[in-house]
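Have a look below at one chain only, the form predicted alone, in structure tokens format.
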Amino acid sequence: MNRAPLFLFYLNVLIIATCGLIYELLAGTLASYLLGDSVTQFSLVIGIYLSALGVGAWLSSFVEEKLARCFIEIELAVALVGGTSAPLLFLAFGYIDWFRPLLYGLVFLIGVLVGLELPLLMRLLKEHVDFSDLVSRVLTFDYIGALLAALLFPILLVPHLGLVRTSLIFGIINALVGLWGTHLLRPLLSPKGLGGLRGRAMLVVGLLVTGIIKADAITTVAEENQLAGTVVHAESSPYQRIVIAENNTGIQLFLNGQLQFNSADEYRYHEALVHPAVASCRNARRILVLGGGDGLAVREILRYATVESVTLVDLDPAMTSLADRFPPLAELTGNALRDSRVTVINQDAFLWIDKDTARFDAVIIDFPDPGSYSVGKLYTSYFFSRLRQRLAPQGVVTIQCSSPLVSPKSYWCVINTLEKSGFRVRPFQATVPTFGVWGFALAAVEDLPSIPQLSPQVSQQLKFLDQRVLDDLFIMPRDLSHVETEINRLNNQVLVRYYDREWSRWQ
């Protein structure tokens, strides 16, 4: 066998390895969207996939005849199963009892099929290449394929194609490899069955191309089934899946499948988040908002005539620009992010907090719940210690801390970590019908005022808070009393484990 066909065989190995890992990254991403705890889900998916590769390699020893035909049939099976895996998992989103067995079953099946392919290719080549060279070259291309998948998936594929199209496109690539194999391996194939193989390859390609044409419809049906509303806006950024749904209560924002607000009652959450801190400051002028890229917290801050500047730090530019592209959100926020006093910075707050040297009179922290380690780091003693350096001498912080009723350890872990980081902390809670009892913390380095005092000018603009209601927020009922927890540190991220364990009971 000359150099050109050999190179084509190794290119096959590269494509097989790349596609196989892409399918597993898709499965892991979808699992973390629905089930939370991305580290656990990715660990399970990759572990099952690697073990399935071993099962596939073992099963290959039982294939003794028609190796070339068997290789092509398996390649077409990988194309069909892998290519349809993301659409199937998306459609199963709304059925949690079916999602887990389907997820792990698809991961295992894809792993077995990919594990079958490489040994068969090596056996096809062993007559033409020295065994030691064969193994080293096949493994080299295999690992290069894994590297390509790891680079392409987060940088190019998910942001620009989305999960469903990525799955279908790589299925088509696998099917074309199978079709290509009917030419490359033609001397080893029976002429009698060659037409049938090529016909099946073209059929798989046709099915997957149809899937790409219908990809938006598949995604919309799946998300509406999961979110119980009509999807009116959806996009994938390099950081997250952003979906806005609408039903008879209003619009709802979902990030990676997790509800962020419902327009029917978001004012309760955002008034409770913002006003205790700003009302605690005398003539607050410089305000920092961490997270809250939807602009709703900024809307509340701008009710204060004393505010001269608001700095919003949110990782995702797709989120902070959403109001410009979705008018109902602009209306809900009152075009807050277009206000001349507002500066938007699209950076990771964890990194930005060390780079900026400005000091602020009040800091409003509206990060997502700590359901992953990438978010959990923003609730650590390390981050809170850096946050202290951004506060003016009399500066005040409020932070959302999840539900003290549903997840008491998660809630009090944030409180305890703040105190360990040198803050004086006053816990409080508010009822938001969409979310239930929700917890917050008011914190400062210096002594806090006993109760923040709302100005009459601001109070008359609010739907939920007045001075009497604000006073009551700081009364913690007996069933929300203090809980001892570990401190959330970078090297343990105990908060993520608390959160995952407590919220999983309610799924």
Partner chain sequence: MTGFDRRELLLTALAGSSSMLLPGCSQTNAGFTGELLSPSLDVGHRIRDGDLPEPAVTNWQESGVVIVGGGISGLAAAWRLHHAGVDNFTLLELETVIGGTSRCGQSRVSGYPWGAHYVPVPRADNRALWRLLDEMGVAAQNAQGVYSAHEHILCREPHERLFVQGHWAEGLYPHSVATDEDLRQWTSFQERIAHWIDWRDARGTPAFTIPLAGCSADEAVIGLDEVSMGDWMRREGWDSVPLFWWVDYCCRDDYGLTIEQTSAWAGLFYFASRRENSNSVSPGVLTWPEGNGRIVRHLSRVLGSRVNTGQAVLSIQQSDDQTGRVRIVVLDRETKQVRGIRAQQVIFAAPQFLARYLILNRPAGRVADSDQFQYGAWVGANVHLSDRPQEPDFPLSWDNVIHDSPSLGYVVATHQQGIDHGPTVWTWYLPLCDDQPSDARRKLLDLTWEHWAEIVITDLERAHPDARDLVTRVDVMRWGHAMIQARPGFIWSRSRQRAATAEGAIHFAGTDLSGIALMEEAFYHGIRAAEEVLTVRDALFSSFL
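Numbering follows the first chain given and starts at 1. If you superpose the two forms and keep the largest set of C-alpha atoms that fall within 1.5 Å, you have the rigid core. Keep in mind that what you see is a predicted model, and the values were worked out from it rather than measured.
Although it is not shown, the form predicted together with its partner chain is what the next lines describe.
Novice: Quick check on Ser263: any heavy atom within 4.5 Å of its partner chain in the predicted bound form?
Specialist: Ser263: no, not in contact with its partner chain in the predicted bound form.
Novice: Just checking whether Leu151 would be counted as a contact of its partner chain in the predicted bound form - the rule being heavy atoms within 4.5 angstroms.
Specialist: Leu151: contacts its partner chain in the predicted bound form.
Novice: Please run the contact check for Arg303 against its partner chain in the predicted bound form: heavy atoms, 4.5 angstroms, yes or no?
Specialist: Because no heavy atom of Arg303 falls inside 4.5 Å of its partner chain in the predicted bound form, the answer is no.
Novice: Using heavy atoms and a 4.5 Å limit, would one call Asn335 a contact residue for its partner chain in the predicted bound form?
Specialist: Asn335 lies outside the contact set for its partner chain.
Novice: Heavy atoms within 4.5 Å of its partner chain in the predicted bound form: which of the stretches 204-212, 404-412, 253-261, 375-383 has them?
Specialist: Selected stretch: 375-383.
Novice: Look at the candidate spot formed by Thr18, Leu67 and Trp180 and say whether its partner chain comes within 4.5 Å of a heavy atom in all three of them in the predicted bound form.
Specialist: Checked in the predicted bound form: no contact with its partner chain for any of the three.
Novice: Have a look at Phe42, Phe474, Phe464, Trp58 for me and say which one sits with a heavy atom within 4.5 Å of its partner chain in the predicted bound form.
Specialist: Contact with its partner chain in the predicted bound form is made by Phe42 alone.
Novice: With its partner chain left out of view, which of Thr249, Thr434, Thr140, Ser321 would have a heavy atom within 4.5 Å of it in the predicted bound form?
Specialist: If I apply the 4.5 Å criterion carefully, the residue I get is Thr140.
Novice: Quick one: which residues from 301-315 get a non-hydrogen atom within 4.5 Å of its partner chain in the predicted bound form?
Specialist: Just Leu315.
Novice: Quick one: once the rigid core is lined up, does Ile46 have its C-alpha move by 2 Å or more between this form and the one not shown?
Specialist: Yes.
Novice: Is the C-alpha displacement of Ile144 equal to or greater than 2 Å between this form and the one not shown once the rigid core has been superposed?
Specialist: Moves: yes, 2 Å or greater.
Novice: Determine, after fitting the two forms on their core, whether Val494 shows a C-alpha shift of 2 Å or more between this form and the one not shown.
Specialist: Comparing forms between this form and the one not shown, the Val494 CA shifts below 2 Å.
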